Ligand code: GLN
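Only one chain is included here, represented as structure tokens and corresponding to the form predicted on its own.
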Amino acid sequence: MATLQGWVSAACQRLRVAGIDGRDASFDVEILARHALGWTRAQWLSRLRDQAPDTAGGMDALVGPLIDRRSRREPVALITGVREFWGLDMVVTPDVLIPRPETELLVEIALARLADPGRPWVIADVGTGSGCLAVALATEMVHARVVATDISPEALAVALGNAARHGVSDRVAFHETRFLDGAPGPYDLVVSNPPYIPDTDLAALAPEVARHEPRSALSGGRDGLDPARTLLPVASARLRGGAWFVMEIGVGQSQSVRDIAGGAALEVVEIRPDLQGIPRAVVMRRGAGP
């Protein structure tokens, strides 16, 4: 009988033939196999040189269908149904944007700006999608109340489930609405990962994104900034004096967002890069006046 490592090598080759980078292929095979086997990473690493598990039909029967789906460029998170975000397992479906590691930067910034976790902060998460930002902030700030909005009822159903999964349903209120319509505030902080990809760039996205994630969570109009042009004035009007607005942006959008913020009575305090050095999060503040 072949070793588990031998099966892994063959599965990785199938993914490489499908156009998936070798390092990513190895990671994907491990995640999918562990998901099917119910193994921890420690179990996986300790058994790689052992014979492949003698499941009914072998590894090809157990994990092969998942490898087939990945070879068609379906994202791993949609195959397993979960993606880790801020140390929390978030359920994901094709109705929501899959949480990205760079979006964790918004949580980090929010926690730094609202430094007292014991205060009853009032927070809004605009375009909540899977609810990853709202749920992460609610788990960190146990006295905070979070209002999370989205125009998609399907996305809100996923977000509601994630809030229940992590025990914060009583402190996160979900609203099916556009931006902050009907959610008057005032807020101590507004956070958002809005659509920001220019429509002309959508066709060049990786198949995992273009084929499997909701266009409404990606498309930002001609230059990617149509949602920001609407959202910044709306958020500014809902913030308390001196309160914060933290928003994720795309490549090359820093200066344009500065200009939009200036017209919305928001001061750009900081633009934080992600781990690749790309300006990714804009930290804005409303003036101290009423």
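One rule holds for the numbers: they count along the sequence shown, beginning at 1. If you're wondering where the values come from, they're calculated on a predicted model, not measured in any experiment.
Heads up, the form predicted in complex with glutamine isn't pictured, but that's what we're talking about next.
Highlighted residues T139, R145 and L189: none comes within 4.5 Å of glutamine in the model of the complex, counting any heavy atom.
E102 belongs to the set of residues with a heavy atom inside 4.5 Å of glutamine in the model of the complex. Remark: Y196 counts among the residues lining glutamine in the model of the complex, judged by a heavy atom distance of 4.5 Å or less. Using a 4.5 angstroms limit between non-hydrogen atoms, E30 is distant from glutamine in the model of the complex. Using a 4.5 Å cutoff between non-hydrogen atoms, D223 does not count as a contact of glutamine in the model of the complex.
Note on the interface: of 213-221, 104-112, 162-170, 72-80, the segment with non-hydrogen atoms within 4.5 angstroms of glutamine in the model of the complex is 213-221. Think of it this way: in the model of the complex, glutamine has a heavy atom of just one of V91, L97, L156, A183 within 4.5 Å, and the residue is L97.
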